[in-house]
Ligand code: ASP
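Take a look at this one chain, the form predicted on its own, written out in structure tokens.
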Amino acid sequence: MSDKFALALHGGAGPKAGEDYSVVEAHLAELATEGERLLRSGESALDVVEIMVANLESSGLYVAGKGSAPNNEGQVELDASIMEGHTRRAGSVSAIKDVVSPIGVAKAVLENSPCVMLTAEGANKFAAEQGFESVLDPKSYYILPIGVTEDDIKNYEMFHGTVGAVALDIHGNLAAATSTGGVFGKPAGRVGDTPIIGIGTWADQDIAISCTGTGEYFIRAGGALTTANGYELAGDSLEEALWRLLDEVERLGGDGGLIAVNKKGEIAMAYNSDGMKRAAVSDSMDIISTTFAPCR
């Protein structure tokens, strides 16, 4: 056990230039403060990333959980995934409907199921069996997050968002978690990168990663494993490894961002969109929380 820890959070790489996200930045800083307390007290990275993402989901400030919008058939479909680095245990759900915490269900898949991913009706059935809270009145529960308009939810790929967390705990273990309501105006059944282990989320003994952006491009670019392989196999620095993925996403025509921590406690956060809502803290760094500050 050591005193070394690190935590990074993101609230999505879909903010609009010129919009005021001070409320979001304050919320991310508040969560980072709580995450720091938990990590210092010895909580596991896996539990901390779940707690962080569950709070992001329930806030209604981001395109995840309560801040999600219906697809083009009027249903809210949610995706989430979580992974523990040193064991490589992982769990995810895709196209799950009307559960309060998709990331909680994903963690239950990790802990209580022989599967890695459950989808649609099967994911909802599992959530019910595990006793997870359902959204009883979707029309009154879901709200538009800051910076999102009614026009955004009608136009596929005009607006996207995701939340995520990555952490290194004082036991030397890494974990990552990601959750999303997907892109606005999406067709029913559409699934992006978020619930795909190795694409939207990845954690191993060396690095933990959570992605956000236009999922189709992250999938085609190889996602989080492109970053992990760059860092672990190609000798990239942590920062270079993030840009290895983002540059390929951009080449393919997409945008987004990602956050990562490594076993040394280093943190990197990068995006090629207008901005990325993000916060970070470690044993050697005070809390930062920002949206549009340059990242390269």
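Since we're looking at a predicted model, the values are computed, not measured. We number the residues from 1 along the sequence you see.
FYI, the form predicted in complex with the ligand isn't displayed, but the following is about it.
- Between the options 101, 71, 214, 94, the residue in contact with the ligand in the predicted complex by a heavy atom within 4.5 angstroms is 214.
- Of the residues 86, 190, 220, 171, just one reaches the ligand in the predicted complex with a heavy atom at 4.5 Å or closer; this is 190.
- The stretch from 143-151, 113-121, 182-190, 126-134 that comes within 4.5 Å of the ligand in the predicted complex, counting heavy atoms only, is 182-190.
- None of the heavy atoms of residue 201 is located within 4.5 Å of the ligand in the predicted complex.
- Within this chain, residue 81 is remote from the site of the ligand in the predicted complex, having no heavy atom within 4.5 Å.
- In the predicted complex, the ligand sits beyond 4.5 Å of every heavy atom of residue 210.
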